[in-house]
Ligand SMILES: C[C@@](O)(CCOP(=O)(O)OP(=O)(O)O)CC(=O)O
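First comes one chain, alone, set out as structure tokens in the form predicted alone.
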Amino acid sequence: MAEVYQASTTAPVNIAVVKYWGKRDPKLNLPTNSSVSVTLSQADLRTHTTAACSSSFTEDTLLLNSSPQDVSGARTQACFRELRSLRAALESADPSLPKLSPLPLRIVSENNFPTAAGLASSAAGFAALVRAIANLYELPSSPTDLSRIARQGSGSACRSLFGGYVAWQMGSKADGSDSVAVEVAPASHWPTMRALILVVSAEKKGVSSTSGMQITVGTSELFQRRAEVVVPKHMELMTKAIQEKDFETFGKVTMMESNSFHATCLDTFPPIFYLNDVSRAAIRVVEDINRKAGKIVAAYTFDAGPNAVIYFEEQNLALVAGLLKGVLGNLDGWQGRDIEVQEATDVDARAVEVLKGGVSRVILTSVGEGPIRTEESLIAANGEPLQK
């Protein structure tokens, strides 16, 4: 029987606090602006991926949550091609290495969260795919080197190759070689950062990020100002806030960034609405929490979808998560968390009712680590995907 080579990894979701929106080169996924994100804990949100290769396989395949995926697309092919060429270079330098680069790949991947629900599943997915194949091929590439490859699969995937606080530098070269992710600070630098995700709806979103951002680039007047003036200023403020663990600035910039991004979506023609009434109710409740505290203790941010991600520091657990648990305590996601419930006094009553009716589950998580190699495989020794 032909030998089956394999390696496995898990990779995290990241949620941007300075948003990536718009491409200067759609083919290479080169962004029109830099961005910063927080990597979330894999205990709560992760993609687990096993990459295998063998001469007994007939073609490249990818199974995600037990369902076959199309690997013929340009994005997946770009990742395969780049990783294979790095392996081929190792093999030509050292003829004693097994010739893995020409062998068909079998990728098996599982998410522990809803796919395409606006929870950055493609970021974790492509980061895990690239990291698992890099491990399989025993590539000496750094996370920044691999981020250049993962970016071609999904822009924000480049940030999921690191833990903690991560910047994706837009770069200026036409070939994208300088459009890479770098660490701003490890998770251990500011470990008290928490995130509460209000999952508004696990349905697939109406306008995909890819088509949405291209319409914005083509039609929004605000967009150009955002890319040239607003984001560079926010990048500077955010990087400094993370380095100094200054939550008030972190929170203010996070909320202004989210608002700026969604304003450019509204300024797109025809307009793109990612936020809904439940999203707006979450904004109102966060504003009321901050007003009550007399300073910024909670910060909302929304990606291309209605889910609210609320950042706060652990010391304000009761003020932020405790109040929301008082409102949404019947939902999945609070189990096993010791949170003192707070009464929702001084909080807009209508917003509270809208949240009660529109949030389907909560995810309480924290800042976490980058991809982690694991011995737990999703592919049996004979090369067949393991049945769950």
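One rule holds for the numbers: they count along the sequence shown, beginning at 1. As the structure is a computational prediction, the values presented were derived from the model and not from experiment.
There is also a form predicted together with this ligand; it is not shown, and the following applies to it.
*Asks:* Can you tell me whether the pocket in this form is open or blocked when this ligand is overlaid from where it sits in the model of the complex, based on ligand atoms within 2.4 Å of backbone or C-beta (3 or more = blocked)?
*Replies:* In the model of the complex, this ligand occupies a site that, on this form, remains open once the ligand is superposed onto it.
*Asks:* Considering this ligand in the model of the complex, which of M213, V309, I289, L146 comes within 4.5 Å of it through any heavy atom?
*Replies:* Residue within 4.5 Å of the partner: M213.
*Asks:* Just one of Y300, F162, F261, F250 has a heavy atom within 4.5 Å of this ligand in the model of the complex. Which one?
*Replies:* Contact with this ligand in the model of the complex is made by F261 alone.
*Asks:* Taking heavy atoms only, is A16 within 4.5 angstroms of this ligand in the model of the complex?
*Replies:* Contact check for A16: yes, within 4.5 Å of this ligand in the model of the complex.
*Asks:* Contact with this ligand in the model of the complex for S279, defined as at least one heavy atom pair within 4.5 Å: yes or no?
*Replies:* The answer is no: S279 has no heavy atom within 4.5 Å of this ligand.
*Asks:* Is N29 close to this ligand in the model of the complex, meaning a heavy atom pair under 4.5 Å apart or at it?
*Replies:* Flag for N29 set to yes.
*Asks:* Is there a non-hydrogen atom of R75 within 4.5 angstroms of a non-hydrogen atom of this ligand in the model of the complex?
*Replies:* Residue-level check for R75: yes, a contact with this ligand.
*Asks:* Please tell me whether the candidate spot formed by S122, G155 and A304 is one where all three residues come within 4.5 Å of this ligand in the model of the complex (heavy atoms).
*Replies:* Spot residues vs this ligand: full contact, yes.
*Asks:* Given that the partner is absent here, state which listed stretch (93-101, 80-88, 312-320, 147-155) has heavy atoms within 4.5 Å of this ligand in the model of the complex.
*Replies:* Heavy atoms within 4.5 Å of this ligand in the model of the complex occur in 147-155.
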